[in-house]
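One chain comes next, on its own, written as structure tokens: the form predicted alone.
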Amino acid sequence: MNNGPVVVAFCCNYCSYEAADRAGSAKKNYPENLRIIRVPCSGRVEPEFIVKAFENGADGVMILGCHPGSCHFKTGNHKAYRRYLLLKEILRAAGIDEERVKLDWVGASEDDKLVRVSTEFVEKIRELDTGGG
């Protein structure tokens, strides 16, 4: 049983969720405390979803979407980026360290990148929780 931080990852159905599926199928090791939630598009992740994740015990939250210019819905990842900037303001106002939220772009074939960014983020959250960061 892992006692590490719980990280929720909102993953775009067409890119980052596919990368997570590929990583799992290839038996690549990514953090077992990563809780993946598939969303139609990173642009559909409302700031309220992030706040709710924290209210329900998440130690960190990731939003992972298609690379700019590759969005299935054309501009969803641009919307995600704008919401991410707004979210950082909301978190500051709520007293939540904005380093506990990460936005990144992970393509469908980038299973190695998904493993790397999720592992690095979980380690960062672990450091924040232990006072090391």
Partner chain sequence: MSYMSEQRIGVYLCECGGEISNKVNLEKVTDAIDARTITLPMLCTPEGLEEISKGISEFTHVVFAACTPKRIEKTFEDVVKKANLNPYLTHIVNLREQCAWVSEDKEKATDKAIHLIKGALRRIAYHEPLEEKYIDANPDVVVVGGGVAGVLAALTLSEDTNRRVYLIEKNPHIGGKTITYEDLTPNLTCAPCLLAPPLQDVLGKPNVILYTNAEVEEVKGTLGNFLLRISQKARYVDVDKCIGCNACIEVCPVNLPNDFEYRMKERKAIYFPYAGVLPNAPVIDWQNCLYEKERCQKCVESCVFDAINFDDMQREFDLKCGSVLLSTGFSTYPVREGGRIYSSPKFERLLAKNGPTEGEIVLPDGNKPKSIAIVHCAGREELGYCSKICCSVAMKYSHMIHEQLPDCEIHHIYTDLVLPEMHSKLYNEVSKFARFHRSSKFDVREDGGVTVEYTDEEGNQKLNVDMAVLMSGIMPSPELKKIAEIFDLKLNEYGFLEVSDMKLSPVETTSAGVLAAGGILGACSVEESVQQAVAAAGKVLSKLRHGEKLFVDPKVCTVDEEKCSGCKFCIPLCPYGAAVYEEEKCTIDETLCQGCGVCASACPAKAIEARHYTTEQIYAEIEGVTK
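As the structure is a computational prediction, the values presented were derived from the model and not from experiment. Residue numbers count along the first chain shown, from 1.
Quick note: we don't show the form predicted in complex with the partner chain, though the next part is all about it.
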Would 17, 53 and 83 all count as contacting the partner chain in the predicted bound form, using a 4.5 Å heavy atom cut-off? yes
With a cut-off of 4.5 Å between heavy atoms, is residue 107 one of the residues that contacts the partner chain in the predicted bound form? no
Distance check, residue 119 to the partner chain in the predicted bound form, heavy atom within 4.5 Å: no
State yes or no: in the predicted bound form, is some non-hydrogen atom of residue 38 no more than 4.5 angstroms from a non-hydrogen atom of the partner chain? yes
Can you work out whether residue 34 and the partner chain are in contact in the predicted bound form, taking contact to mean some heavy atom pair no more than 4.5 Å apart? yes
In the predicted bound form, residues of 10-28 near the partner chain [heavy atom within 4.5 Å]: 10, 13, 14, 17, 18, 20, 21, 23, 24, 25, 27, 28
